[in-house]
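Just one chain follows, in the form predicted alone, and it is written as structure tokens.
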């Protein structure tokens, strides 16, 4: 058997295993696919500093980088298995079994899968071993004849086609059709219109409302959960007077409200990009919890995603009448995009997302912080995570050259209190008060601008904000871990 043939046997064996696992996973749970289960488990066990580096280095593309890295590793293992098995199929068989057992272990580790989930990696193991040994036999006997080579090519082509069909068929949960069928989500109580002077987008700030395609996404989901609206069920239980089971249509028949909310990721460094604003439509979370009847002693709302991710929100916060927490169904005039939580997600203004913004939410348990711990608490993050007072400079950009008069612009946020003032200074000089954009609410960001006459040369601009309670943004730089970054954002630029 030639080296090329041996490598091809190994690659096709692994492809058949992945396809079989993916196909069976479509029946027992998409995240049972061995490839995804191993990837999700790798995310769970990755040290926090490595995760932080991935977010800083790759941002919203960190999952794609992991998938590509896993694919390269698997390709290398497949080629190695084939090359080691040129004389005997035993080495490749052993490697296939090891990979299969790794998939079984990963599936058993997943909190969102039942016992039937192991069927997917078991099917992958069986298919991988069987196809590898079958192709090995075709390639090794009688490889030297034209008929033998023809038979091997036919077998290889059939295996590749079957693997492709398995991968495609395994992903045939048509969630987009379900999302389209939802149609318009008309709120009974619309959000107040955003005034035209709320942003300075023409001068460098973001638009006040972030388009769905540009809304930041930071989560642990290696693959987006694919839950149809007609299959979605939300369970509300725990320390309640009556347990609730709510379907999508149950929520949709209620009076929907629309709220304009800025969401911030706790991983955001000073001056970071992980902040966006949208008009969310949904059902007030407070109303649902009061309907269930929250018992004395419940201090945590423990939410679980369809992929098993968990978060804990303070009960006293989500029950605040003016907080505006939602079980959101829509975003910017359409049903939630898949990657932002369709069919439903939580939105709690004023809390960082890791304790408040569970996407693909399927379970709400009223409990205590002593009894349950959310996903990120065991990874070094704080239990309480109110969004911190912060400002950012958007223009001039770092390292840029500006001709003539300088117009500096940026954003600030102080949820849920609201921003009262933004000040900037250049080269450590006196502070100047910036002009603020029109105010929308304390739950949203606020834009600012200031005009500066500066001499040619290099300059450093700094910004700080103050909230309506009179608190000024602290200067000291603090890293995001454990409860969010602080510090003044600064930008160096040149005036020509």
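Bear in mind the structure is a predicted one, so any value in this text is a computation, not a measurement. Positions refer to the first chain, counted from 1.
There is another form of this protein, the form predicted in complex with a small molecule, and it is not shown here; the text below is about that form.
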Segment that reaches the small molecule in the model of the complex - one of 316-324, 68-76, 338-346, 281-289, heavy atoms within 4.5 Å: 338-346
Non-hydrogen atom contact residue 102 with the small molecule in the model of the complex at 4.5 angstroms: no
Contact label in the model of the complex: residue 369 to the small molecule, heavy atom within 4.5 Å: no
Contact flag, residue 415 vs the small molecule in the model of the complex, heavy atom cut 4.5 Å: no
Close approach of residue 270 to the small molecule in the model of the complex, 4.5 Å, heavy atom: no
Of 218, 83, 402, 175, the one that lies within 4.5 Å of the small molecule in the model of the complex (heavy atoms): 218
Partner-contacting position among 263, 301, 390, 419 - heavy atom within 4.5 Å of the small molecule in the model of the complex: 263
